[in-house]
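Only one chain comes next, encoded as structure tokens, the form predicted alone.
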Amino acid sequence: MIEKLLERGGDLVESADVCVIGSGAGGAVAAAELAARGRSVVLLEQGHHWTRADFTQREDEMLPRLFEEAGMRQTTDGAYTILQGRNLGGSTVHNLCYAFRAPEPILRLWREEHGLSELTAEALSPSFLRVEKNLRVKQILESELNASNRIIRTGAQRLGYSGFVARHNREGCIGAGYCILGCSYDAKQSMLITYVPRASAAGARIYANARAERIEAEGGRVRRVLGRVVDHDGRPHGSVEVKAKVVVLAAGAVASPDLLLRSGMANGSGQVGKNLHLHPSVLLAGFMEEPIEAYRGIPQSYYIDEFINLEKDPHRGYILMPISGFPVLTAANLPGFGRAHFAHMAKFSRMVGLLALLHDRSAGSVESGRSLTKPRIAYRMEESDRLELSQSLVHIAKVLFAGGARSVLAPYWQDPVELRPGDDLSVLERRGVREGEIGLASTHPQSTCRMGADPRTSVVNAWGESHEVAGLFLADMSVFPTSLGAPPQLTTAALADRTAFHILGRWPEFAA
């Protein structure tokens, strides 16, 4: 059962074995696996239940529908834009479908530095296999590479840079290119059309427009979740109360710590909301001779890993990834005003975007703000990360020029740099990457309620259970002990699958 509380009206009072908060890559998986194996499940999602019929392919309509703060969530200093989903299916509805398992060197790092001896590739393999099967993960075909990705591959190969065509979770994709605005064809195998319906079919009661605002415990065990029925602007229209023996919190690496802090829960170590990693990204735009319409077809299929070697150093590196946008998002990320800005946008059909995504060591924080819709997010790059991301600009420009670009734009807000073939690219490294001078973005906030064996330095154990509150589990990117250094969708889902089966194995203890 999936119900839109905003349309139904009134209050919600429920009881269940398990209350799951959030319906993205973690929450939907946990809800489906628990419900399929006999547990009564209530899932709360603060966003609305949008479907393919609502995905209009218009930015002005879809950004407010699918994203927190209409896609303009930012750190408190405005330096980083953070894209997070706010709808049934979470960020899987707008993500670009790269499908990667957690890198083995990162798992080794988590074992060696965070005491998570249980997190081996072998132990996680059953969960990854289940998730990949249910999401229909497969290799992207050569015929599915669009013009933009082919250009970037050509550039990388001419330079001898390591790269490959990735895997994804699409089925019957027609190459419309509107992935980030929601798939109007149900080709993207997001949680919205995979695990959420599976949870519903297994008997889970799924409520959209239900914002969890407080988790309550008694005697050291979770007892209930309290919240509000909210509209699309977050305004309350009714109350929510769910009594449960187990709570699985999967609201994301910003909302999950915010909710715990507001609940006065699970923060004896002082680690809730700390250790925020963003996978910060910066992009350059290349302009080709002829129109290539980068917004057509699968946006991301090629992946350059020349500048990350996790086996050699699991703490650092960056990835180069294609990116394309629609007019509004593109215009917002290009510099200049009036004629200068128009000159860039006039070349929109000839534009190829390439970004660097940093495996960051820098750590920020999440604190409760004036409301659950406005958390306080703080993050600044350490100098070593800043230098590394600055170096990436040179390599991005090289790839774009090697792929045939006639000019490359570094979109600094003041005095943008536009380069031609043969120009000295070191100007990019000297100019560098500094907050407030160039657009910086994140689609992968993580690590704010990290896993670890030591309760003094972590929030949850290797199974995602709180060190302090029995029956409280976390199942989202907040549990990553460090930056993952790879697209996180599959790892989030696999860890949630593992957590669900752990809960099932211990159910007599929770039911007592």
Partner chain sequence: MDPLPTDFRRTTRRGFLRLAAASASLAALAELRSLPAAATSAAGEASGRFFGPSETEILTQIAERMVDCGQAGAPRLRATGAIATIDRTCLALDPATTRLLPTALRLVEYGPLVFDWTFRRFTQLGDAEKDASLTGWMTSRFEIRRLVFRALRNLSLLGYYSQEESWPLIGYAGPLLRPPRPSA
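The structure presented is a predicted model; accordingly, all values stated were derived computationally and were not measured. Positions refer to the first chain, counted from 1.
What comes next is about the form predicted in complex with the partner chain, which is not displayed.
- With the partner removed from view, the residue among Ser368, Ser365, Ser162, Gln74 that has a non-hydrogen atom within 4.5 Å of the partner chain in the predicted complex turns out to be Gln74.
- This chain is displayed alone, yet in the predicted complex one of Phe100, Phe307, Phe128, Phe348 has a heavy atom within 4.5 Å of the partner chain; that residue is Phe348.
- Contact check for Phe287: no non-hydrogen atom falls within 4.5 Å of the partner chain in the predicted complex.
- Among residues of the shown chain, Ala70 is one whose heavy atoms approach the partner chain to within 4.5 Å in the predicted complex.
- Using a 4.5 angstroms threshold between heavy atoms, Gln414 counts as touching the partner chain in the predicted complex.
- Although the partner is absent here, Arg296 sits close enough that one of its heavy atoms falls within 4.5 Å of the partner chain in the predicted complex.
- Per the 4.5 Å heavy atom criterion, the partner chain in the predicted complex is contacted by stretch 62 to 70, the sole one of 482 to 490, 463 to 471, 36 to 44, 62 to 70.
- Here the marked residues Gly78, Val328 and Phe342 all reach the partner chain in the predicted complex, each with a heavy atom within 4.5 angstroms.
- Contacts of stretch 166 to 186 with the partner chain in the predicted complex, defined by any heavy atom lying within 4.5 Å, are made by Ala176, Tyr178, Ser184, Tyr185, listed in sequence order.
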